[in-house]
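Coming up is one lone chain in structure tokens, specifically the form predicted on its own.
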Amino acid sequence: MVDIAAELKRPKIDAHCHVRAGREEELSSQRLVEAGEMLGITEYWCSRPITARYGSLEEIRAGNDAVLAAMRRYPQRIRGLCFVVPGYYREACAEIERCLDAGMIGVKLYHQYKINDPAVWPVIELCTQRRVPILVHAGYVTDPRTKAEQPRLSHGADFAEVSQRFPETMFIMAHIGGGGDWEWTLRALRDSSPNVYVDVSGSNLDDGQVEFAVAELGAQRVLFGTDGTMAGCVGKVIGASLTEEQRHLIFWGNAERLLAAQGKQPLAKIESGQEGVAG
């Protein structure tokens, strides 16, 4: 029997969440932190992507500036992922360098390009050099309307292909709970580099989803994330049939390892043996 009260207190790193830009940044940041207090989320990796189009350089930079503002507002809770549109703007790598030098810890890509498109390779090469992860909007959709809206949406086979070319790059295939055929896309990762991770975020709360990811990839490649579905994503991990070690890896240990690759540590500190008590 899982002790739900204790699990809610367990420290958690949310590897996939967002803040709003402009005047809404402060309120969205505040709400993240307040929710985290109730759910044991001690750290958020936030981005502000442009989702339905390419956007302008000014919009992209403004979104990243909103994330930097959130980081300054809550330095013990919020970290940033730099959003760019690779290939479309030559300035993408310069924007990544700017954001990483300002304290961000990774990159966020959406569906403007598939992750295995050569246009993305310069960004991948830079992230490999800087030892930072790339979180990519992903899914394997079968609905014709969604496919028409997101024709360049990356899926598991795309990650497997690109990871063979860049085996040292740390990729995060986003929100296995985002909809579509999540079983297919997880199976497609069998031939990928061990540096390809998935996060459990998304509003799809199918029973067995987390266990399936662990069975296919191993718990060491599954990250906790919410993408806005906060209580649901905490609940899907708490309710999954996992060992104590597996649950710790998903909620904390795997994100801690990604941070260590770039010489960083989690914002909260927990003592050995106290993984079930929030820091």
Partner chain sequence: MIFDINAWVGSWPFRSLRDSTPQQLTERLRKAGVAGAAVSQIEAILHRNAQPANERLAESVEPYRDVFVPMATINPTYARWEDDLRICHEELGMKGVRLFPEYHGYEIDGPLAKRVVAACRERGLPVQIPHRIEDMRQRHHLDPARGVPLAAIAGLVAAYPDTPIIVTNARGIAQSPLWRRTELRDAAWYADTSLAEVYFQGLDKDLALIVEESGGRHLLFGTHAPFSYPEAALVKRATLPADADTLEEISYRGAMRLGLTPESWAVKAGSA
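Treat the numbers as computed from the prediction; the structure is a model and nothing was measured. Positions refer to the first chain, counted from 1.
What follows is about the form predicted together with the partner chain, which we do not show.
Participant: For the chain shown here without its partner, which stretch in 181-189, 90-98, 165-173, 123-131 has non-hydrogen atoms within 4.5 angstroms of the partner chain in the model of the complex?
Facilitator: Within 4.5 Å of the partner lies stretch 181-189.
Participant: Does any heavy atom of Lys264 come within 4.5 Å of a heavy atom of the partner chain in the model of the complex?
Facilitator: Close contact is absent here: in the model of the complex, Lys264 is far from the partner chain, nothing within 4.5 Å, heavy atoms only.
Participant: Even though the partner chain is not shown here, does Gly232 get within 4.5 Å of it in the model of the complex, heavy atoms only?
Facilitator: Because a heavy atom of Gly232 falls inside 4.5 Å of the partner chain in the model of the complex, the answer is yes.
Participant: Is there a non-hydrogen atom of Ala69 within 4.5 angstroms of a non-hydrogen atom of the partner chain in the model of the complex?
Facilitator: Answer no; every heavy atom of Ala69 is more than 4.5 Å from the partner chain in the model of the complex.
Participant: Wondering, does Val2 line up within 4.5 Å of the partner chain in the model of the complex on heavy atoms?
Facilitator: Val2 belongs to the contact set for the partner chain.
Participant: At 4.5 angstroms, heavy atoms only, are Met38, Thr142 and Gly228 all close to the partner chain in the model of the complex?
Facilitator: Result yes, every residue of the spot touches the partner chain.
Participant: Taking the partner chain in the model of the complex, which residues along 197-231 bring a heavy atom to within 4.5 Å of it?
Facilitator: Those in contact are Ser203, Asn204, Leu205, Asp206, Asp207, Gly208, Gln209, Val210, Glu211, Asp227, Gly228, Thr229, Met230, Ala231.
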